[in-house]
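Okay, here we've got a single chain as structure tokens, the form predicted alone, with questions on binding and movement later.
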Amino acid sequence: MHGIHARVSKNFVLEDRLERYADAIEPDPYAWAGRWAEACHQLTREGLARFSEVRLDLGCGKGSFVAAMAKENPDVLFVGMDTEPLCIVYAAQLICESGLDNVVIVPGSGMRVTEMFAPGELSRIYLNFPTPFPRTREARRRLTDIDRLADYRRVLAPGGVIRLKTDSQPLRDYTLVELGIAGYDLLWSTDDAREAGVEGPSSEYEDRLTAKGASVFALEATPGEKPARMEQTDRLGLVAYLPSDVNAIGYVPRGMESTVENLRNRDLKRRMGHHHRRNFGK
């Protein structure tokens, strides 16, 4: 999800790693819908009890966030999901080496959460630095598109929340619009997650971004009254959410580097053309 590929050691063999850390990986997550809290507890702990709740880290990357959260919440089952096999392997390795029995790593994307989880099964969904997909034609792939938000509605328990962290101000602003369309209630929003003391550790990925000058935008929302109709009414391209003065942008959001560069070049040509016309008229 994060868009930055994990570095691979010279002797790395994916199949060997998958086998070595298989205890932390569930290859068929669709088989457990409605049974995660009970089944995973029975597999890892004695007795017939269940985990108190199930939380999903959607786009877990190399697993540092989900592992740290699992350590802090031993009675909660965490499901870390990612599409990248390398991320799945690294996350599973971290879980195994940390001795955690309340985390399971699964392959998959946000497009099929309603097949993996039963209605009301999740208490919280974390969206940590999802790929922004800035172009209009890619908008439906965003994890905060209205179709995804509608899916989260189905799998979240009453009072359940989604939490977004992103370095992209355009994605954050787009998400705020989508949340309104999808009938979510915004619980809070901040332009600086670290200063606001947002729950949870920062990942290695987040640290890399902030070292480059990124602000970490964050918000939390819960499903409100379901709208009679969810209709996309706003602009889909993230370029529409950039500040009007692109030259005043300091940190360029991930995935929008070429777009911002093109806009700046266009603005420079416009100003140069205006300058030449003014001088020619003298």
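Numbering starts at 1 and runs along the sequence shown. Treat the numbers as computed from the prediction; the structure is a model and nothing was measured.
Absent from the display: the form predicted together with a small molecule. The rest refers to it.
- [ ] Would you mind picking the one in 92, 122, 81, 162 that has a heavy atom within 4.5 Å of the small molecule in the predicted bound form?
- [x] Selected option: 81.
- [ ] Identify, from the list 67, 218, 58, 242, the residue with a heavy atom within 4.5 Å of the small molecule in the predicted bound form.
- [x] Contact check passes for 58.
TODO: Using heavy atoms only and a 4.5 Å cut-off, decide whether all three of 32, 54 and 114 touch the small molecule in the predicted bound form.
DONE: Per the other structure, none of 32, 54 and 114 touch the small molecule.
Task: the small molecule contact in the predicted bound form: residue 77, any heavy atom under 4.5 Å - done: Heavy-atom contact with the small molecule at 4.5 Å: absent for residue 77.
Task: Residue contact check: residue 131 to the small molecule in the predicted bound form, 4.5 Å heavy atom - done: Although the small molecule is absent here, residue 131 would touch it in the predicted bound form, with heavy atoms inside 4.5 Å.
Task: Non-hydrogen atom contact residue 104 with the small molecule in the predicted bound form at 4.5 angstroms - done: No, residue 104 sits far enough from the small molecule in the predicted bound form that none of its heavy atoms falls within 4.5 Å.
Open item on the list: With a cut-off of 4.5 Å between heavy atoms, is residue 41 one of the residues that contacts the small molecule in the predicted bound form?
Closed with: No, residue 41 sits far enough from the small molecule in the predicted bound form that none of its heavy atoms falls within 4.5 Å.
Task: Segment that reaches the small molecule in the predicted bound form - one of 192-200, 154-162, 179-187, 104-112, heavy atoms within 4.5 Å - done: Stretch 104-112 is the one.
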